[in-house]
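The form predicted alone is given below as one chain in structure tokens.
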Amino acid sequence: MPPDCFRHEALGVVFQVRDKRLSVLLCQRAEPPFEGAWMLPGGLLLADERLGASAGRHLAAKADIPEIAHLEQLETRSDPVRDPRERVLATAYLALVTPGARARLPADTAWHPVDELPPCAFDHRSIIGSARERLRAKLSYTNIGFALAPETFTISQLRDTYAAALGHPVSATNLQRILTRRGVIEPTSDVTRPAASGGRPATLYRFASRELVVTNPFAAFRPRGTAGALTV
């Protein structure tokens, strides 16, 4: 390859809330460089291929995910030394998966909580951090929570989903108030089954739309007690 030409790869940052923790899908490298470290699923862009199609192709080859609820381009990394072997540009995509989508994974691929990442190859830890910041921001001003939540849910379950993605505690009461006021969620006619210990059944909610919608472009969810915070 001529010295002024570079390889280009597409990477997927796949998030799913698992056991009330935001987790990312990673593959373990079997060869140098970074042998034994973990990396984002992805691979080289083909000459006749679009970046989004390349990211989807590599994800499908690595993990049998029944459905990706949301996919968007995140960023392009162009540090000349991000790969010690040669110059490789990387375009990363943010992918969100609902709890009901259970991927069938090969032995070298696993989910890892984003707060407890293993040693990562290349600049992938930094890319995961960028993806989480994008998700946090979009949870504030869009309805993107639909891509992490089940089709129907209680307010307590939705609170746990938002808390996992935001990385801080969330008030169920404030979350319900804000998302209802914006028209993001709506009650269904269904309720949960009564628990064996008794108690009132909880109303089941759903997202009004399961397509991305900007609901308040100036909103920002922050932990309670932060100056000027829109607390949830």
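Residues carry their position along the shown sequence, with the first being 1. Everything numeric here is computed off the predicted structure, so don't read it as measured data.
A second form of this protein, the form predicted together with a further copy of the same chain, is not displayed here; the remarks below concern that form.
Using a 4.5 Å cut-off to a further copy of the same chain in the predicted bound form, not one of Leu105, Ala110 and Arg200 places a heavy atom inside that distance. Screening Ala101, Leu71, Leu117, Ala137 for any heavy atom within 4.5 Å of a further copy of the same chain in the predicted bound form leaves a single hit, Ala137. Residue Leu175 is the only one of Ala63, Ala165, Leu26, Leu175 with a heavy atom lying within 4.5 Å of a further copy of the same chain in the predicted bound form. Although the partner is absent here, Arg222 is a contact residue: one of its heavy atoms lies within 4.5 angstroms of a further copy of the same chain in the predicted bound form.
Within 4.5 Å of any heavy atom of a further copy of the same chain in the predicted bound form lies no heavy atom of Arg206. At a distance threshold of 4.5 angstroms between non-hydrogen atoms, Arg87 is in contact with a further copy of the same chain in the predicted bound form. Remark: Arg50 counts among the residues lining a further copy of the same chain in the predicted bound form, judged by a heavy atom distance of 4.5 Å or less. Contact annotation for 51 to 78: residues with any non-hydrogen atom within 4.5 angstroms of a further copy of the same chain in the predicted bound form are Leu51, Gln73, Glu75, Thr76, Ser78, listed in sequence order.
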